[in-house]
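We begin with a single chain expressed as structure tokens, specifically the form predicted on its own.
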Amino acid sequence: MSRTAYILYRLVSLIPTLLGVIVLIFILSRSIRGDPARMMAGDAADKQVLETIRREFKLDEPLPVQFWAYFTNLLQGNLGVSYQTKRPVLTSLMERFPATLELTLTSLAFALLGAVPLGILSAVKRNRPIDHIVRVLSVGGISMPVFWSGLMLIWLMYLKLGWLPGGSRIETMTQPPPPVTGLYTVDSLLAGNWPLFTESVSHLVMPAFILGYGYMALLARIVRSSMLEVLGQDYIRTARSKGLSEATTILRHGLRNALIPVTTLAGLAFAGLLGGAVLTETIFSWPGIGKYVVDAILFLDYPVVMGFTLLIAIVYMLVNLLVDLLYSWMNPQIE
């Protein structure tokens, strides 16, 4: 099977999975206890107002009828209208998605740039002091809750030292850069606005560090264990016996094979960071899709919750496909 045929096959095979996800998120969203009509109208609203709202949003219809209406709208690219803002969910998600994407890409870059050298160093210096230090950093990153580490970092870097801003993408009175990609750091560079670029980066540092630290710790452990396994292979001993330098042996012959399992985790980490940005965006008042869906959950805003979940599910599916394609590039024998 050619690579193009394989990609088409995988894309078609995603359809049943996607249908299952749609059914599941619809059922789970409707399982949340509470009355969206009451949340929209307020506690003082009478029964007539509540019935009017339920008819407007088809909340008075049986669940199969509600699902069919949602599914037919979905086929037309319509994710519904937010109960809270009365705006199309797709429009709101697309407006906020660049902020989450910028945070996710920065967090993933931080995780990879930290995990790969630390994992290699830990494997090469096995059971030495540097290995123990990397282990402690890894355990700390995996075990510390994001909400606690985020609040502690804000307390230290913003309240006590005043080195970094406490939240949001830029200052309230600052004008955003002309929208090109939606990523403030990129758009400010394209506009040649260096002060705005510096400001955007300073706002990005803390949330990106907190979001990426946990994945960096996990990836560092995977890189270490994978490198230890690779360094014991026969071809590594052969390379050393030929007189190749240790750096060439590790980086050229060992690292590429060691990164195969890391690629899987890195791909899943990207999708996980998109979905896992909920807490980080809430703590740092980052105006992305994570904070948007938190406000929607508190308001029992079904269309927003389902739209967000569906978006993350699609990202996971596409990332899995991309990871499979990267396998064949990193190791042609896998193809």
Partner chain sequence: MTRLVSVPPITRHPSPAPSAGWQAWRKGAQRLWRNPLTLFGLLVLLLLVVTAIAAPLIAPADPTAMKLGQRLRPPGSQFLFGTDELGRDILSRILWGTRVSLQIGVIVIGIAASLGFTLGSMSGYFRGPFDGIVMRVMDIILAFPPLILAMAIASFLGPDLNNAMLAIAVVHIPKYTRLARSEALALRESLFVLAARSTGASDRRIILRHIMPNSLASILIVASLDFGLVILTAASLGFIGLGAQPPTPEWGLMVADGRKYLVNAPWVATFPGLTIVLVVIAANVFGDGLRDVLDPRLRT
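Numbering follows the first chain given and starts at 1. Treat the numbers as computed from the prediction; the structure is a model and nothing was measured.
The discussion below concerns the form predicted in complex with its partner chain, not included here.
S.K.: Residues in which of 98 to 106, 180 to 188, 209 to 217, 151 to 159 have heavy atoms within 4.5 Å of its partner chain in the model of the complex?
M.R.: Comparing against its partner chain in the model of the complex, the contact stretch is 151 to 159.
S.K.: Is the gap between S143 and its partner chain in the model of the complex 4.5 Å or less for some heavy atom pair?
M.R.: Judged by the heavy-atom cut-off of 4.5 Å, S143 is in contact with its partner chain in the model of the complex.
S.K.: Evaluate V201 for contact with its partner chain in the model of the complex, applying a 4.5 angstroms cut-off between non-hydrogen atoms, and reply yes or no.
M.R.: No, V201 is distant from the partner.
S.K.: Just checking whether G275 would be counted as a contact of its partner chain in the model of the complex - the rule being heavy atoms within 4.5 angstroms.
M.R.: The answer is yes: G275 has a heavy atom within 4.5 Å of its partner chain.
S.K.: I'd like to check something about L325: if you look in the model of the complex, is any of its heavy atoms closer than or equal to 4.5 Å to a heavy atom of its partner chain?
M.R.: No, no contact at 4.5 Å.
S.K.: Residues V21, L24 and I297 are flagged as a possible site; in the model of the complex, is every one of them within 4.5 Å of its partner chain by some non-hydrogen atom?
M.R.: Each of the three qualifies.
S.K.: Considering non-hydrogen atoms and a 4.5 Å limit, which listed residue (L113, L74, M94, V139) is close to its partner chain in the model of the complex?
M.R.: Checking each option against its partner chain in the model of the complex, the one that comes within 4.5 Å is V139.
S.K.: Go through T238, T85, S168, S225 and name the one with a heavy atom inside 4.5 Å of its partner chain in the model of the complex.
M.R.: It is S225 that has a heavy atom within 4.5 Å of the partner.
S.K.: Using a 4.5 Å cut-off on heavy atoms, what residues in 287 to 324 are near its partner chain in the model of the complex?
M.R.: Residues within 4.5 Å: V293, V294, I297, L298, Y302, V305, M306, F308, T309, I312, A313, Y316, M317.
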